[in-house]
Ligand code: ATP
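What follows is a single chain, given as structure tokens, in the form predicted alone.
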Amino acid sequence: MSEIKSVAASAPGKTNLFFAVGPLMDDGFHEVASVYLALDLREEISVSLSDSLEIQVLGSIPQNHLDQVPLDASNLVVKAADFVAAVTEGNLSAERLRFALTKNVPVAGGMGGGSADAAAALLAVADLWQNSAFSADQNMIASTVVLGADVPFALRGGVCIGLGRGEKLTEISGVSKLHLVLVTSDQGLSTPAVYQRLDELRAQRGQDPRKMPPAEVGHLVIDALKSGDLALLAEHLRNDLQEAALDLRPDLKLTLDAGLAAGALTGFVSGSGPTIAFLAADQRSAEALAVKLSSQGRPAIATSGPSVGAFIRDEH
């Protein structure tokens, strides 16, 4: 066993600049086509050996968000450790680990915070257990989708097109820094509930959720990202889950309207929501927008991306 007493790792939250939802598949999941953006809001985790499973949670997000984080084996960090144990020689178990989480990504906010925790845990636990077989190659990254659709991207970071369930990643290189403002919500949204509502809304329109067209990323979004054309990007951002999220939470439309009135280039639901993301022209504009929205009682965070994927922070 390693003499290292603890290992720390970091992984990014995300937003989806583009998210098309294709047909409902036989396994109950949907085919998707996404453009992921890793954000400078990062989850931090430290893992050490222990006599029993321990999970400690701190962070910069509100206490009511922190209180939602499970402290038992249902937490994704434990599932990540079990994943590593399954591909590591020896009698290893998450039941003999202590996890210390510092959360900066809103919980149940459509920003992949739990997936970032899992990604950071994967690297930290593998390093702690000295598993040289665990690596960030394409096959290993794709296989981590069993922990959650956003985990492969949290490992990789940057800006990527994600196909399949989001695990088939292709990097979009050369993307300049984008500045966003995120407005969080005290009341989360269940991702499965949002997908289910989307299927219901489609069925009401006479669309068979199982026979929707294949999900594809619009080339104009890719062109806008590569050229840095924010006006073009704002025009072609899309999230197919947005209508379902707004149907379940009509109050979110008020936040969208407030951000646009305050000068955002565009606004959209982040992932399955309820976090609302606004694209700003630059850092100063993002900071001013965050201040204005916060003064209206809408908790807002100015952030940016792309950010790097999960990495080992230190060992001691």
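As the structure is a computational prediction, the values presented were derived from the model and not from experiment. One-based numbering along the sequence shown.
The form predicted in complex with the named molecule exists for this protein as well; it is not shown, and the discussion that follows is about that form.
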I need the one stretch from 219-227, 71-79, 155-163, 92-100 whose residues put non-hydrogen atoms within 4.5 angstroms of the named molecule in the predicted bound form. 71-79
Given that the partner is absent here, does T191 sit within 4.5 Å of the named molecule in the predicted bound form, heavy atoms only? yes
Residue-level question: is M212 within 4.5 Å of the named molecule in the predicted bound form, judged on heavy atoms? no
Using 4.5 Å between non-hydrogen atoms, is V181 touching the named molecule in the predicted bound form? no
Quick one: is I172 in contact with the named molecule in the predicted bound form, heavy atoms, 4.5 Å cut-off? no
Which residue, A234, A108, M140, L246, is the contact with the named molecule in the predicted bound form, using a 4.5 Å heavy atom cutoff? A108
Scan 265-287 and note down the residues that get a heavy atom within 4.5 Å of the named molecule in the predicted bound form; none is a fine answer too. S272
